[in-house]
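Just the one chain here, the form predicted on its own, laid out as structure tokens.
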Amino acid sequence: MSGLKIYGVPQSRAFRTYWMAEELGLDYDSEPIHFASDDRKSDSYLKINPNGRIPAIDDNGLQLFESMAINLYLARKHGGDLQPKTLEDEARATQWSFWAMTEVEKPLLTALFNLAILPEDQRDATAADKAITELQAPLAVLDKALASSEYLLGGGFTVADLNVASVLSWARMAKIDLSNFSSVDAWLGRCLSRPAAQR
């Protein structure tokens, strides 16, 4: 039995935490709480995440919610190639993780729901188009950052890449055309083809 429990299902934001655990080779127990289930509102789960959202973890008694914080914690705790090696790179990993949540996640989620998840008669094409338009500026920022480097912090894959790519994976699900952002497109392919992401 593992000391790490991950609450959530891979078809949600919990994907990024499962991916991190797989990259690190961690032994973990999965507690499959679905984002649409009443399980996330149970008294027992609300003690772990009082917001009633997924993912959350219990790591030998340390309870954490918010996927980016969880991943930054796991990378720092377990070290290895995923953890930035300098204070400056650690700050940049935090920067890119926050950036993905504040600049990309909301419009990308709107596009995903209206292009792929909702039943066709409930989709809003105008909302999807607006969301894709909103994504152009942050995608240009990311494309510029990746134009001269294979990964966000340099030559190796780190928690920064995992966190940002886990958000941008929704672009693939929504079949959003990234051809105008060739560096992003190539980088995202490298990240999502990693064996840990596939698992």
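We number the residues from 1 along the sequence you see. All values derive from a computational prediction rather than experimental measurement.
Separately, the form predicted together with a small molecule exists; it is not shown, and the next lines address it.
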item: In the model of the complex, the one of L152, I57, I54, V159 near the small molecule [non-hydrogen atom within 4.5 angstroms]; value: I54
item: Answer option from D39, E134, D143, E66, heavy atom within 4.5 Å of the small molecule in the model of the complex; value: E66
item: Non-hydrogen atom contact F35 with the small molecule in the model of the complex at 4.5 angstroms; value: yes
item: S12 within 4.5 Å of the small molecule in the model of the complex, heavy atoms; value: yes
item: Contact test in the model of the complex: M101 vs the small molecule, heavy atoms, 4.5 Å; value: yes
item: Interface stretch in the model of the complex with the small molecule - options 126-134, 45-53, 144-152, 24-32, non-hydrogen atom within 4.5 Å; value: 45-53
